[in-house]
Every structure is written in C-alpha cells, then in structure tokens.
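First, one chain by itself: the form predicted on its own, in structure tokens.
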Amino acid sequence: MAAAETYEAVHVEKEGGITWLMINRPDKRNAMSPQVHLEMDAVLDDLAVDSATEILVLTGAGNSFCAGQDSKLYFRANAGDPAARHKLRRASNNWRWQKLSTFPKPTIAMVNGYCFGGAFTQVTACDIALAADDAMFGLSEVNWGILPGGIVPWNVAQTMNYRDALHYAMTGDSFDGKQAQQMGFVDFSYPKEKLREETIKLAKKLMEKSPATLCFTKEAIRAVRFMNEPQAADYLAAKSDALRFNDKEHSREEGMKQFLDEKSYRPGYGHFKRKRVSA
C-alpha cells in the first residue's frame, strides 16, 4: 500500500496484524474535512488488499473520535462549486458506509472521545464498536434546523432503540459511552485508560478465527436483516457453500477434526486452533 506519510489528514499505524486508521485532525476534534474524505476513500482501498492488515481499527488522533463534518470546509468552502460538492459527497459516503460496511476484514470502531453527527455513520459501518466510558456522543443538528447528515437517521434507527433514536435526534442532548452501550449503539464501554488495551484484546481474539469465515459471517449477518425467512434460508445455504469453496484454511474440516477426533476443542471450554496457510 502507499506509504503512510503520503497522507496528511489520515494516519496509519500497523502492528502485529492490527492496522490503526485514524482521522488526524486532533486540533479540530477530528472533524471531517474534504481532505479527510478523499484520503480515507483512497486508503481503505489499499488496506482492503493489504496482507499486513488482519484487523482494522478506526479511531481518531488525540482525545476525539470525530466531531462530524467540518462545516466551514465541507459545506461553505464549496458552496459555489457543484462538481466539487458532488465529488466530496460521493467520497464521504463511499468511505464511511460503502467501503467500511463491506470491508473484507473485521473492523472495530474505537470511540476514544468526541463523536458527533456524521461520525455516527462510520461507527455503525464498523462490525464492532467500543467506546471510552466518558466518550461524548451527540446528534446536535436539530439545533441548527437541519436533519442529521447523510444516512445518519437510518444508521441510528438500525443500531439504537427506536425511542432512544428519536429522543436524542429530537433533543440534541448528548450521551456518554456507558449510555451508548446501554442503548446498543456500541458493544462495550471501558475506562478511557483501558480502551486501547481492550481493543487489542478483542482484535487478537478475532485473529484466532478463519479470515474467510469472519468475512462471510459478517456479510451474512448484514444481509439477512432485510430478508424474510425463506429468502434468508436460501441465501445462507448458498453463502455456506461459497465459504467452503473460498476458505483456504479449510476451517470446517479442521474444526470438526479438533472437536470430534482430537477432542482438543470444546465450545465454551476451549479455543479452536486456527491453522494458518501461506498467502
């Protein structure tokens, strides 16, 4: 992939299979500028096929996750340029939803602080979301006479309790990481000093699983949410067959062997031992 130093508004760090992808505007609470959108749109394409990236962690540099769109740079700076506005809207939606929600490897949103407005989309797009207990979330658009930006209303309707989604969108009130967990917007919240440690622990747990199985599982879960039972059954049967064809580690056969023959794996009482294969 392209060297990390070629990016300015985005920062990439890699260590032990975990790639940390950060919005790098800490002085602006990592608000999303046009440059952020264009660079994120490019870097996600690179990381999707990067052999050193097994788990992608999306976060923000410094003490904020993302304060939403940079209103001055994203809206006003291109108000008179329809072509530029179209390009930025496309890049913004591409990376925050299309590319993240279909990323071929497990994704974790690590919400380390301020998370407002448009940033809700990329949190929802990630497979798993963790937050600091004192992270601050908010949908403040109602106070400016506008709807939450882009597909954020759809995102919160998908991930939050219906009443909670209405309450926070209509009042503009903020809530913290603990409340976000209670409402189901994030999976877990932790004291801020333990957030990175817990994120690494989760990433390592995911790396013990078959990459193909993880990819097909998350694709299946997302897809069947919008299907009826017969459609889901048909889709899942085809997806299961496709997984066996694409799993180079032959995880089904290996798992059955460890469970039935070697007695080395018992669900709930031990760990499946992944057999890695060379790329």
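A residue's number is simply how far along the shown sequence it sits, counting from 1. Keep in mind the model is a prediction, meaning the values are calculated, not measured.
In what follows, reference is made to the form predicted in complex with coenzyme A, a form of this protein that is not presented.
- Within this chain, residue 114 lines the site of coenzyme A in the predicted complex, having a heavy atom no more than 4.5 Å away.
- Although the partner is absent from this view, residue 41 stays clear of coenzyme A in the predicted complex, with no non-hydrogen atom inside 4.5 angstroms.
- Contact between residue 27 and coenzyme A in the predicted complex is found at the 4.5 Å heavy atom cutoff.
- Although the partner is absent here, residue 211 lies well away from coenzyme A in the predicted complex, with no heavy atom inside 4.5 Å.
- In summary, among the residues 141, 133, 198, 187, the only one with a non-hydrogen atom within 4.5 Å of coenzyme A in the predicted complex is 141.
- Checked against coenzyme A in the predicted complex, the candidates 72, 194, 163, 86 yield a single residue with a heavy atom inside 4.5 Å, and that residue is 72.
- Across the options 246-254, 27-35, 221-229, 46-54, residues that bring heavy atoms within 4.5 Å of coenzyme A in the predicted complex belong to 27-35.
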